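One chain comes next, on its own, written as structure tokens: the form predicted alone.
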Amino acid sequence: MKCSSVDTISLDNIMPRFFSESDVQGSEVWKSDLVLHKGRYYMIEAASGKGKSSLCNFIFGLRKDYSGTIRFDGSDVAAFGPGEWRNLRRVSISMMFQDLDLFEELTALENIRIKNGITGYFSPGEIESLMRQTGILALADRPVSSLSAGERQRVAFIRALAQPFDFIVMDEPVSHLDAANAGIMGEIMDSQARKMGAGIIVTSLGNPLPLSYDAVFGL
């Protein structure tokens, strides 16, 4: 891949290797041919155990235990080396993990700063503004280990935004939030994505991030 900009993500007949053909019957994603476009919003709905987190990790390049092909702008991601993935994850593909992947011993602010220190994307004032908007500014100096699940989700959300991206992958990002807080996150996400012309890929177990989706797929 000659450049790190990503305009399309193609899922060509992919299926987790630990699934059988019967496990993916009725899926609109597994064993299908999908092209996801930059600038469009996609939601992938599924019950537990259908592979939502696996799909996110496949797209983000953290797992390769699937059949089929994932392509970024026509390039097979299986051929990407560590350097290519490192650059892609810095400027083109961001991810908010279902398990959040936060540093428990660090504060909420430190968890955001550790990524922003690499990317230099947000100013200190912008980070403060996002923490205020999401209702966690007063928690900035508290260790993540002392925060509730919903508070931790908001920390992980801001951290995921702390970089440029063509696509952002969000695995059940508001599963622990009420409608009001989920709505705030949806507004922020829409604003940030529109600013970059980015695509959004969200998984949901039934409590989706509120956005105007261009397409919804059942997994």
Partner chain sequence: MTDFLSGRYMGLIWKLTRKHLNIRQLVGYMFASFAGVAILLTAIQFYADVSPLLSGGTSLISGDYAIVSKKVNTIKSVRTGRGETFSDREIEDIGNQDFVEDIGIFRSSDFRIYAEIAIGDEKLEIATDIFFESVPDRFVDYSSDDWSFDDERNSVPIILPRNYLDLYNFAFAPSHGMPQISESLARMINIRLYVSGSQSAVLNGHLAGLSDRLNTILVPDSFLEAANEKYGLGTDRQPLRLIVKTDGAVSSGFAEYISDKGYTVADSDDNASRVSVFLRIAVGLVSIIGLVICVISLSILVLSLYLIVEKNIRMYSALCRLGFSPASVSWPFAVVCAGANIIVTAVSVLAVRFFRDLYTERLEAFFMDSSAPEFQWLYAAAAAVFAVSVAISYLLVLNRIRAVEKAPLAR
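Model, not experiment: these values are computed from the prediction. Positions refer to the first chain, counted from 1.
What comes next is about the form predicted together with the partner chain, which is not displayed.
Site residues 176, 182 and 219 are none of them in contact with the partner chain in the predicted bound form, judged by any heavy atom within 4.5 Å.
Looking at 36 to 44, 23 to 31, 52 to 60, 66 to 74, the stretch with residues near the partner chain in the predicted bound form, meaning non-hydrogen atoms within 4.5 angstroms, turns out to be 52 to 60. Using a 4.5 Å cutoff between non-hydrogen atoms, residue 78 does not count as a contact of the partner chain in the predicted bound form. Although the partner is absent here, residue 147 sits far enough away that none of its heavy atoms falls within 4.5 Å of the partner chain in the predicted bound form. Taking the partner chain as it sits in the predicted bound form, the stretch 81 to 101 comes within 4.5 angstroms of it through a non-hydrogen atom at 82, 86, 89, 90, 97, 99, 101.
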